[in-house]
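Take a look at this single chain in structure tokens; it is the form predicted alone.
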Amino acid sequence: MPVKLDARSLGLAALVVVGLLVPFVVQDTYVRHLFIMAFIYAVVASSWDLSLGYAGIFNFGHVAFFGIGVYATGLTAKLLGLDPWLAMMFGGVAASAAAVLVALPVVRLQGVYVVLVTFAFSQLVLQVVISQSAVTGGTQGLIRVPTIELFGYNFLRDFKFGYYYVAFGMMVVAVACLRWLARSDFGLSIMAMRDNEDYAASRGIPIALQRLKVLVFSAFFAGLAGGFFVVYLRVASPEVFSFSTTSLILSMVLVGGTSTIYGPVIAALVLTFVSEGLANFEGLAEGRFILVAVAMIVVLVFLPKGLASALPKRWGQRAAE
């Protein structure tokens, strides 16, 4: 039986093809680097959208999961000699394990209490990283982390050609998995939980268990992105836990549009290039984050549901479920 593809599916397929062709068109190493960073942030932001947008969990510790992936991968690859490909997967698993610990107090809390607990967890992880300097490198960071290889292929000497495809593939797979989760019965249950928790519970939805699951799933992808981040840059720094990193990725979620998955991806590409582009202008480098914040306010005023709401109706009809 032939498979029918709608305009939205064809459009997404076309975007993937364009993404695959970008390195052949863009020869500048720095521009490729910006694409790679945008893909990493896209995975973190879209996975945050699963817990924040779809489940309504005000989880401000999501960047901590990203940071745990960074350090778990860096430490196991450098100190234990684990293959960096496997170390990246371990980064995702370590982030999910941390999400279980966070979920224990969070699953039965609401509102500002969830914000406080998750933010405190993020700060706790940061303090552990700084205090255990003999292992983590402290404020100096962890340097010379082993990078990935593939059948003898050297990723360090191809002008970021290989790194681009690994980052792009990771983003495509992560977004596809997150979108599948959001549209599955599980996704429907967490949206019901978000919209009316009492009604969801009365219909037999296990609130605590679903919150635990959504935190574990979203943390895995953030940790995986953190794993690639550290094998790409070969440096693990406490800056990954900073407020600036949190605010940047959160702005991607809000500007892109919550409960969309695709929206944060669009915003990650836009904000990464805008913020880095402003950094190249004399006099704007220090104030670029202020300008990005102003731009975020403008977008949210004119597009309250984010950039995803500006997509064609056929593409966005399921975006704000």
Partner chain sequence: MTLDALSTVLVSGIVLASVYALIASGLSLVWTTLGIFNFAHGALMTLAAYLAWTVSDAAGLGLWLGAGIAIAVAGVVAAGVLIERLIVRPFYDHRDILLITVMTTLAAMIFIEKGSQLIWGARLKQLRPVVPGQVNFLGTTISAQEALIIALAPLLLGLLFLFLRNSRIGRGIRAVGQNPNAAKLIGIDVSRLFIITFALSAALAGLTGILLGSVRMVTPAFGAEPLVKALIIVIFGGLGSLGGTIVAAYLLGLLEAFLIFFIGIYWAPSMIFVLLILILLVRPQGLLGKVVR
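Positions refer to the first chain, counted from 1. Here the rigid core means the biggest group of C-alpha atoms that line up within 1.5 Å when the two forms are laid on top of each other. Since we're looking at a predicted model, the values are computed, not measured.
Another form exists, predicted in complex with the partner chain; not displayed. Remarks below refer to it.
- Contact with the partner chain in the model of the complex holds for all three of F58, R108 and L300, each having a heavy atom within 4.5 Å.
- Residue in contact with the partner chain in the model of the complex (any heavy atom within 4.5 Å), chosen from V93, A176, V235, L116: L116.
- The listed set N154, S131, S202, Q140 contains one residue whose heavy atoms approach the partner chain in the model of the complex to within 4.5 Å, identified as S131.
- The stretch among 210-218, 179-187, 98-106, 164-172 whose residues place heavy atoms within 4.5 Å of the partner chain in the model of the complex is 98-106.
- Not displayed here, the partner chain is kept clear of V135 by more than 4.5 Å at the level of heavy atoms in the model of the complex.
- Though the partner is left out of this view, F273 does not reach within 4.5 Å of the partner chain in the model of the complex, counting heavy atoms only.
- Heavy atoms of R194 reach within 4.5 Å of the partner chain in the model of the complex, making it an interface residue.
- For the chain shown alone, L124 is a contact residue for the partner chain in the model of the complex, at least one non-hydrogen atom being within 4.5 angstroms.
- In the model of the complex, the residues of 220-258 lying within 4.5 Å of the partner chain by at least one heavy atom are, in order, F243, S244, T246, S247, L250, L254.
- The two forms, fitted on the rigid core, differ between this form and the one not shown by less than 2 Å at the CA of V18.
- Relative to the superposed rigid core, the position of the CA of V31 differs between this form and the one not shown by less than 2 Å.
- With a cut-off of 2 Å and the rigid core superposed, M296 has a Cα displacement that reaches or exceeds the cut-off between this form and the one not shown.
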